[in-house]
Every structure is written in C-alpha cells, then in structure tokens.
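The data below hold one chain only, encoded as structure tokens and taken in the form predicted on its own.
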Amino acid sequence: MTRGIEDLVSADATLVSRRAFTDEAVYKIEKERIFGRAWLYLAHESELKASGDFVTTYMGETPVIVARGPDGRINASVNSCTHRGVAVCHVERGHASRFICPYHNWTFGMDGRLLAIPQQGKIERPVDKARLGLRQVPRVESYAGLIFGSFDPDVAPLEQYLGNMRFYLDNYFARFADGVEVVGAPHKWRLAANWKLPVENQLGDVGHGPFLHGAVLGGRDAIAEIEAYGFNMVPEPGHGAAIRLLPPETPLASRMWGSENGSASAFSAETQAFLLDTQRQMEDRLGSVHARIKGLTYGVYPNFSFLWANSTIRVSHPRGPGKVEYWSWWVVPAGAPESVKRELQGVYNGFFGPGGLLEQEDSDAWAQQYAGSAIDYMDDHPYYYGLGAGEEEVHPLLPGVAGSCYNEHYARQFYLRWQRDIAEGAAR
C-alpha cells in the first residue's frame, strides 16, 4: 500500500497529485486493481476472420494470444508455457493450427488446450494434460467488432460496462453498411511517459489543439467549428467522447465523415461520392441525431482510445510508471473500393502514427508532462483539472453529461473512477 492513496485526487477531482503518474507503488496497485479487473481492448474481429487466425497483444503488461479456435469462438490465452514459462508464440499475427513452445516443444491448441508433451512417452506416470493448458482470460466479449477481455470473471457484461458509450461508438463503427476492418499490424512506439497521459489527451483534451498544434491547426475553420458546436461528453464516468453536434441545416458534405477541415475537397470524385453515399445511408440507418455528429476523440476506460476523423484505434500499454508502449491501428470501411482506401490512408499517415505531424508534438508533450511530474519537491503542488467545473449538465439529445469543448470534466470523472478503483480494490 502506498502512502496517501486517498490524497492523490481531491474530492471534486479538480486537483490530481503528481505522484499519480510517478509513484512505483501506485503503479503496482494499478496493475492489480485496474488492469486485472477492467475490460481491456484485445483486437478487432476483422483481424480474426477464419479459424486459426491469431494476434498477440497485452493486457497491462501480461502478454496474450487472441485466436479464433476450430469452433469459431475467440479465445484469449496468456502467452506463457505452463512448463517453464517461455512464450509459445513469437510473432504478432498470423494463421496456425497450434502453438509450440520452442524450449521443450509442448504443443497447445488455438484454444489454449495442451495437446502434446514430447517427453511423455519417455516416462511411466501419465500427465494430466487437461490441467496444464495455457492460462485463459476468463471473459472475452465484443461490441461492434471490438474485442475486449478481462481477467475478472465477475466483471459486468461488456455492453453494461460500456453503457452510454455505445451510442458514440455506434456513430463510427455502425456508420458503414459493411462494417470496418483493421489494415495491417499496429504501429508501436515507446514513450517516457505515464500510460494515463495519452488516455487523458484522447478522452477530450481539445484545449491543446490550437496551441500545441498551432502550426497546423491555428486559424483553421475546424477550431471555430469545435468551439461553436463542440461538447466534451462523459457517457459514463471514465469513458469520454469529444464531438461536434452540428445544426440540422448543415449541408450533407459538411457533416459527413471524411470532411474534416475541408479535406474532402482534396479527394477524388470517387472517394467523395463514396463518403457522401455512406453519410446518406448512415442517416437512414442511425437517425437524425447521429447524422449531425462529427466525432473528435473517444475513450473507453481504462486505456482504449479512438480518433474519429483519422480512423485510428489506440491502446496505451503500461510498461512502468514512466514508460508506455503506444499502439495505433488504422481502420477503414470494409466495403470501400481499394482506391478509396488508399486515398484515405493519407489522412492517417500525415497527421498520426509515429511520424505524423500532430503525433510527434503530442508524444513530446506527454514525455515533458511526465518529466514535470517527477520534479523534486513538487509533491505538494498538484495539477489543476478544474476548468469548467460545475458547468456541465445533461444534454437533451446526447447520452451522458455534457460540457463545453474546454470543460475538463472528462478528466475529472476519469480520475475519480481511477481513484475509486485503486482504493476500493483493496477490499476484494
């Protein structure tokens, strides 16, 4: 138990201690009580289309294999042999019928069952293979093609856990008639930062855009649009959705996905026609409120993020209090022509990913933010998260609690949930 957990976040979460980001003991508690009990993003169903398809990922710092078994079900197994602990899979994705540990060649099925022990024929006493399968993630569920897992067998069902966040996820993931698909493996990069800093940014930190990214965004129409129509929504405490709710009279071409800051005008006629047709179909399918929403950034507690305009799934994998491995997947409409997909890829590559113009600025800011948290003699100077405190209210059309685009209630609710989880977890 670290000193003063109850003092890390003030009662109204307007103050957050710097130790929340740097304290090694706090980090160890996070691994147990947050990453050991929450729903964590694993993969997208488009990556596991056929039996035998698999990807490797992490739940916190625990390596796991996510695979579609022979029965078509998706399983998640800890990537560690039950004999001597060696990883049984050393690639990030592929297709297989079994996993074989390179040390002693113990062989496991796609569902984690132990199939064979080569040494068993050399001994007399039988081995109960049924007890020696790979450790299973007890709960695996999906929503809108997004696969999540939890180490807590008693965690609430995923749809209940998401709650009102489903409305905002639907605005993108139910937008396309044929669904979406992940393209390739994720980009991965390591930062000298705490895992919560990228998460907080993606929950709704619109306030940094005109300044940190001023060279690209300064004076652009997108900022004026966000300030006029933007909301920071808290669908459920810990989740967040930064969006714009445009007026009903907004032209179709200005509210469609892909129309960020006039970027659609640079696309080919084929891509523009696809985006317009997608918007029309989505409005018929999802209704008038969804038709007026243009998303910005989404977050599912504790470490899943999504950039709406750039079709980018993000996961902030912790690697210590001051290290994070950030993963980024590009997502496209599954039914789009290949030529349209290629053109849309430029929207991702130019701004986000390891070499993106905005990504480099964000990554540097998170590293500096962590360095500022670790300055000596500053423990008694917590960070201020009080912008807009008390101004948020229920919105008549949008699920959850709404604040202006500069209201930091998305962060306050995240840290209140975080504080509750690490404090109350001791009783379980």
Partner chain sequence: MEQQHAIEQFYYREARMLDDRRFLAWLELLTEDVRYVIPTRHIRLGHLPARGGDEFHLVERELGGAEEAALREDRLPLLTIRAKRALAPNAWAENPPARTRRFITNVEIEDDDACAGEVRVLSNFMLSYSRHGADNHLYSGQRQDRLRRSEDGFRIAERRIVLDWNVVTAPTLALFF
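The model shown is predicted, which means the values in this text are computed figures rather than measured ones. Positions refer to the first chain, counted from 1.
The following text describes the form predicted together with its partner chain, which does not appear among the structures shown.
Interface residue remark: Asp364 is counted as part of the site for its partner chain in the predicted complex, having a heavy atom within 4.5 Å.
A residue is said to contact a partner when one of its heavy atoms sits within 4.5 Å of a partner heavy atom; Gly85 fails this definition for its partner chain in the predicted complex, lying far away.
Contact annotation for Glu283: none of its heavy atoms lies within 4.5 Å of its partner chain in the predicted complex.
Its partner chain is not drawn, but in the predicted complex it has no heavy atom within 4.5 Å of Gly179.
Interface residue among Gly355, Pro118, Gly320, Pro248, judged by heavy atoms within 4.5 Å of its partner chain in the predicted complex: Gly355.
Distance criterion of 4.5 Å from any heavy atom to its partner chain in the predicted complex singles out Ala185 from the list Ala156, Ala273, Ala185, Ala130. Looking at 199-207, 239-247, 164-172, 330-338, the stretch with residues near its partner chain in the predicted complex, meaning non-hydrogen atoms within 4.5 angstroms, turns out to be 330-338.
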